[in-house]
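Here's a solo chain for you in structure tokens, the form predicted on its own.
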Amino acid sequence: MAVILKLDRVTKQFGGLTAVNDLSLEVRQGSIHALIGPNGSGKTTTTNLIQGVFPVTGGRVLFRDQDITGKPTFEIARQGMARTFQNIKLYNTMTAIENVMVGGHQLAPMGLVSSLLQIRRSRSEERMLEEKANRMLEYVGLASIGGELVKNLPYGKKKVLEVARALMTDPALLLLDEPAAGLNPSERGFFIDLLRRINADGKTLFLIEHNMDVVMNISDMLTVINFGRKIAEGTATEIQNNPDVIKAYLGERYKVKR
């Protein structure tokens, strides 16, 4: 299985603080790869480094065999990477379908001036975005709420809506920052099924998640970091029985009984 994402000895320092320390990992194409660790271990910082939000202090990030170190976020997105966020970043005063349409802005290259001068083409672009957004809403099970204002939606549906928006550009790699956080058991079950379906349809998933029931149920590979440094990597069973991970993060309750 080919490697779609590679971190090669990546380091990130903020002044005297080392948030990510000489981190190397490989994400296989078509897999679900989880990054786990205690609060403050550098997980979200790692995601920000992958997506170009922060510049790396040292090391390299490679995506689809291309060195994307130092590239701006919009260029990385054009290469086939999308993301959801730990704190939901939706537009509350817009409808659900409008929020999803925003995710497809790269598919509609017309600017303000050209849209004013070429009204017919502008309307055609908008119809294309709306049609695709409707397909994404149907895909994630939210077809019935397209016209609802986001501020009126329950938290669980907002989480799913972010996924629909991220899928608008048909990304090869989807980064998910704590996708199951705040969901009740029923919502988590739905979300796990959705992530499995997205993966089965050819997307590679790289997720940060504290809910171990989610992580251990869907991940092909897990990387564990603590204080920004990798302490373990392996399958769910291997991680659950790793003494360093048990001590630093999981505790004995997740250890697989033999």
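Residue numbers here begin at 1 and follow the sequence given. None of the values given here were measured: they were computed from a predicted structure.
Quick note: we don't show the form predicted in complex with a small molecule, though the next part is all about it.
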Self-check item: One stretch from 60 to 68, 216 to 224, 32 to 40, 185 to 193 that, in the model of the complex, holds residues within 4.5 Å of the small molecule by heavy atom
Solution: 32 to 40
Quiz item: Contact between Thr45 and the small molecule in the model of the complex at 4.5 Å, heavy atoms?
Solution: yes
Quiz prompt | the small molecule contact at Val245 in the model of the complex, heavy atom, 4.5 Å | solution = no
Quiz item: Do Ala19 and the small molecule come within 4.5 Å of each other in the model of the complex, heavy atoms counted?
Solution: yes
